[in-house]
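Starting off, we have a lone chain in the form predicted on its own, written out as structure tokens.
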């Protein structure tokens, strides 16, 4: 009996190591630029969803304005690079800081709001940010967008290739998931779960509800800003159409699809919903007509998937995978006394 936890932990570590090795080796064994570009966008969405999972999945704070933090990070990084010539790493740091300040600005006046009221407040914040992106033409380029954003670079080394951009994005995915995982596993994670269950109960247990809410908003906004900075430098062009309410809803859908209260599930939800409109990247031989249909009916497909998940897997993909693993374990033959 005592050997089981160690065995389970070793299996989990082996699985994590295998995933890391596979992700790192992919550009060297399959150098399809289109696939690597799509997988880079998948990684960017995983970074955003890691922060949104902390805010929504663990703390229970609904946000329908996360595209605003994503846009703030993208425009901060792009403007500093294009108009002021800042180096890439400084642009990334500034994007994270400015997005964190945006999270703080949103968190403070919405501390007393819950449920639908909080959702409406974050939605309004997202719409205000979108209007600002459009109207601040002298800074953002307005509806025409901001172009000429340089590729990521480390000193004289420019990361222009699809392979280098892919590795860069997934390095930051690892950093984001490690940060979020440590928050969840330690005392702050317990505070977030208590906050989700009952604010009054959390306060009665000695948790500083105000500070916890502010902190989770700031961390979540920072990760979205990091993702926005990566997106701006990978694409080289940004416009307000990339940071709309539709994106905010899609990000929430990724968390719900993957499973509330599961970082791995949220990441899986981001992978699934990001790949659907780009399925031709992973399924070779798809007809252009099929790809066009997927992209035209993207929102409808999202809706159908969410309905099916809510009906048959209320806990999301993570809960469904857990039940499947439990079913497999129950059908394994019991170990002999010598093996135990």
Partner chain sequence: MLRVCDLEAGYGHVRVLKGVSIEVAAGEAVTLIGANGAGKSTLLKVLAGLLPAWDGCVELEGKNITGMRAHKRVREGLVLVPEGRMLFASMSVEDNLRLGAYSRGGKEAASEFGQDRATVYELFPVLGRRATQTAATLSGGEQQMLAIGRALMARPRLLLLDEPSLGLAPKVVTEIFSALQELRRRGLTILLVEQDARVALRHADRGYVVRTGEVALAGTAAELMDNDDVRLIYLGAWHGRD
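Residue numbers count along the first chain shown, from 1. In this text the structure is predicted, and so the values were computed from the model without any measurement.
As for the form predicted together with its partner chain, it is not shown, yet the points below apply to it.
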Contact label in the predicted complex: residue 202 to its partner chain, heavy atom within 4.5 Å: yes
Contact flag, residue 115 vs its partner chain in the predicted complex, heavy atom cut 4.5 Å: no
4.5 angstroms heavy atom contact with its partner chain in the predicted complex for residue 190: yes
Residue contact check: residue 197 to its partner chain in the predicted complex, 4.5 Å heavy atom: yes
Stretch from 217 to 225, 202 to 210, 175 to 183, 95 to 103 whose residues place a heavy atom within 4.5 Å of its partner chain in the predicted complex: 202 to 210
Contacts with its partner chain in the predicted complex - residues in 283 to 314 whose heavy atoms fall within 4.5 Å: none
